[in-house]
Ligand code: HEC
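Just the one chain here, the form predicted on its own, laid out as structure tokens.
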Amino acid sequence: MSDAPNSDNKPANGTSKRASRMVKVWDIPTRAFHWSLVSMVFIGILTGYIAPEWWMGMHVWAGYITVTLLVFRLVWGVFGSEYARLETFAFGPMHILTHMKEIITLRPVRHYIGHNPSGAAMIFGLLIVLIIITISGLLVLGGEENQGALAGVASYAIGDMAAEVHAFFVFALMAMIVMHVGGVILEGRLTGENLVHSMITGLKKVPQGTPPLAHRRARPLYAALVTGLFFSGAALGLENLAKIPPSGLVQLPANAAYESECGDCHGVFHPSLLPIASWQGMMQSLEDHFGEDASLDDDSVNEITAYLTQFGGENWDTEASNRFAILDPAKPYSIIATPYWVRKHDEIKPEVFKRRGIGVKSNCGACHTDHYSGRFDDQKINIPEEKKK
């Protein structure tokens, strides 16, 4: 393989003054992939860091589509047309460093038909980072959220570690995007090429006298066959994984005493929201229950205590059970005093909790439509609107 696989190896000095011609370089699938990936990355960042948490469903779908696009690009990188093939922009390290030096010193000396060495390095880097982001995202979805194909095999601890990896590489991706866009702008200034326009039309400007371009045709049937085989195998594997029950959830039976005695005054809380010791301490001090006397007969106290002990937080491996295990030492029985609850609700204005459909901060079921299951999925958050008078 040549060290400069798509360079015409001619000086670019004065290129803008020489006659040039437009040639077709990027095929339609390559361009469609590029702009589709741009859209999915934008949606992923928007729904992951800017939009409310109940947009998480769109975030997940953006991730799935990104995986599909990455698989397609790798396959098309083998069976696509000439300049879509990965081998045509697989430059050696020294060639990449030389080109970067030329860019930094504002003196590029070569014209490249396809990707230049710096751009090629960025593309491979982006592909690797996106693969890491999507894999770690699947682990977060399965481990922390108990959703997706990996919900039955990924524990909360795995999902929590994957979340750190996911966040790190997302920020790395954003930094790379800034560098990529900056490089495109700088390259355009130095060479006179409009690379954005080229990625829309597929056409690039080539100096007159450039030797005839190598042009292997795409093999779409082979690409479709390999892609189909990959996704067929993946679908079979995901189907089997989906049959495994989520690892962190427990089948919670109803308890009449808990629901009637505690539900008379407030909505009943899911047992996973506090550690067992907190439930037991709360049940032993009902005479001073958040400033009120909530004393019950011994049989009811024993039955409810046994129920909360059996299904308290330590018996679950969900995001809620793990996050709410860290208590406010001054208020060990208060769910809404836990650091996690406070952090997750700090952007909600106090008047929202006073809406007729909510009433108090502790009314979890008013907004979390799946609170009875212990899942507390972001997609299932539905904050009641203020009713017009």
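Source: prediction; values computed, not measured. All residue numbers are counted from 1 along the displayed sequence.
The discussion below concerns the form predicted together with this ligand, not included here.
Participant: Tell me which of 231-239, 294-302, 93-101, 118-126 has residues with heavy atoms within 4.5 angstroms of this ligand in the predicted complex?
Facilitator: Result for this chain: 294-302.
Participant: Using 4.5 Å between non-hydrogen atoms, is F33 touching this ligand in the predicted complex?
Facilitator: F33 lies outside the contact set for this ligand.
Participant: Can you check whether I348 is within 4.5 Å of this ligand in the predicted complex, heavy atom basis?
Facilitator: Contact check for I348: yes, within 4.5 Å of this ligand in the predicted complex.
Participant: Would C364 sit within 4.5 Å of this ligand in the predicted complex, counting heavy atoms only?
Facilitator: Heavy-atom contact with this ligand at 4.5 Å: present for C364.
Participant: Taking this ligand as it sits in the predicted complex, is E193 near enough to touch it, meaning that at least one heavy atom pair lies within 4.5 angstroms?
Facilitator: Close contact is absent here: in the predicted complex, E193 is far from this ligand, nothing within 4.5 Å, heavy atoms only.
Participant: Which listed residue (L150, A162, L130, L273) meets the criterion of a heavy atom within 4.5 Å of this ligand in the predicted complex?
Facilitator: Contact with this ligand in the predicted complex is made by L273 alone.
Participant: If the cut-off is 4.5 angstroms on heavy atoms, which of these, E187, E261, E82, D317, is the one near this ligand in the predicted complex?
Facilitator: Spelling it out, the residue with a heavy atom inside the cut-off is E261.
Participant: Is every one of I336, F376 and I381 in contact with this ligand in the predicted complex, taking contact as a heavy atom within 4.5 Å?
Facilitator: Yes, all three are in contact.
Participant: Going by this ligand in the predicted complex, which residues of 345-359 come within 4.5 Å of it through any heavy atom?
Facilitator: Those in contact are H345, I348, V352, F353, I358.
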